[in-house]
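Take a look at this single chain in structure tokens; it is the form predicted on its own.
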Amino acid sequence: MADLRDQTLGFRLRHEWPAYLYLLPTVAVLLVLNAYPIAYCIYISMTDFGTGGRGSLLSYHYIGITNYQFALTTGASTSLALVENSFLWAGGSVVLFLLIGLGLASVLNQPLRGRAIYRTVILLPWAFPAFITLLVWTNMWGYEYGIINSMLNLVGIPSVNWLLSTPTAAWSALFITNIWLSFPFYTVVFLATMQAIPKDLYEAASIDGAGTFSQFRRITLPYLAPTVIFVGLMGFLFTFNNFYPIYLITNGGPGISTQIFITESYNDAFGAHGATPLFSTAAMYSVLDFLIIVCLTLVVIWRTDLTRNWLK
């Protein structure tokens, strides 16, 4: 019998309709917990809720796409910076994750002495809550008492104000911290994929005179390609909205050089640094972020072929 997963959506609906009835309670809950907040956020982004005192918690008015027009005109520089920072944050992190994960997985896949110990040590960053780890790293990047500057001073390099001096220093601190938080996952995934590759292929390649680099390029990489693409795309989507590292370490500074959509939205909504809460502006940035994520998700769905045969 043919696998139902390979059938069209119409065929599934005709033959599996009782199963879809059982899903209705779950769908209803998801609509209440997800669809309604999203719809309400879109509506708030088209009001004067908390903008310059015109709208309050009890009284606000529908103003259409005025907030979006502001974001694309007067506030265009801020909006462009948020887009650039969000893509830099996600893209730069994922590239580093993939390179370091592949490198460590390749080393741990070799017949090393004490390999089991190394694999255990690799997982140590996962043993601590991310929030606690970020607070520790924030102190490590401190200008006066941080251990990073103390180590630089030992070799004659003056202290660097990593979090407030320049965008380059702030981004460096963010990327290094994010690597520490994420490299175990990528290493474990790539290592598991490498161990699933038939050893006969490497033996045959070795007999034919292929070197280590040639084996990696012609055998390992082709087998890893689907995993790299999928993990890379999912990692990009997750990091695009990864709030905690930026909020806890740089809070978007210096200026807005490391600010992304989600941190800007949070600061606007909750009145960061004593500012007046701008709920409609926060909602507007959330909607823009949501639209970008939807577009990226469609790319992931297309690239991973999740809807194969559904619309035939």
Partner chain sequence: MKPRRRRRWTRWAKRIASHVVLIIACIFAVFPIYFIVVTSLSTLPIAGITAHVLLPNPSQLTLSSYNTVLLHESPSYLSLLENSLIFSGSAAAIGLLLAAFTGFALSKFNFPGRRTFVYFILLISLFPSVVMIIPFYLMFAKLGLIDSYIGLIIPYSAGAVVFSGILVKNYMDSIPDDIEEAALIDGMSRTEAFFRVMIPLCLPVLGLAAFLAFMGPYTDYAYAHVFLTSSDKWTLALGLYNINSSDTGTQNYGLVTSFAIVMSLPIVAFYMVFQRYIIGGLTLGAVRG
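Positions refer to the first chain, counted from 1. For clarity, every value in this text was computed on a predicted model and none was experimentally measured. If you superpose the two forms and keep the largest set of C-alpha atoms that fall within 1.5 Å, you have the rigid core.
There is also a form predicted in complex with the partner chain; it is not shown, and the following applies to it.
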| query | finding |
| --- | --- |
| Interface segment, criterion being heavy atoms within 4.5 Å of the partner chain in the predicted complex, picked from 79-87, 110-118, 162-170, 202-210 | 110-118 |
| Ile65: touches the partner chain in the predicted complex, heavy atom cutoff 4.5 angstroms | no |
| Partner proximity in the predicted complex: Ile122 to the partner chain, non-hydrogen atom cutoff 4.5 Å | yes |
| Contact test in the predicted complex: Val299 vs the partner chain, heavy atoms, 4.5 Å | no |
| Interface membership of Pro222, the partner chain in the predicted complex, 4.5 Å heavy atom rule | no |
| All of Pro198, Leu233 and Ser257 within 4.5 Å of the partner chain in the predicted complex, heavy atom check | no |
| Partner contacts for 184-206, taking the partner chain in the predicted complex and a 4.5 Å heavy atom cut-off | Phe185, Val188, Val189, Ala192, Thr193 |
| Leu291 C-alpha relocation of at least 2 Å between this form and the one not shown, rigid core basis | no |
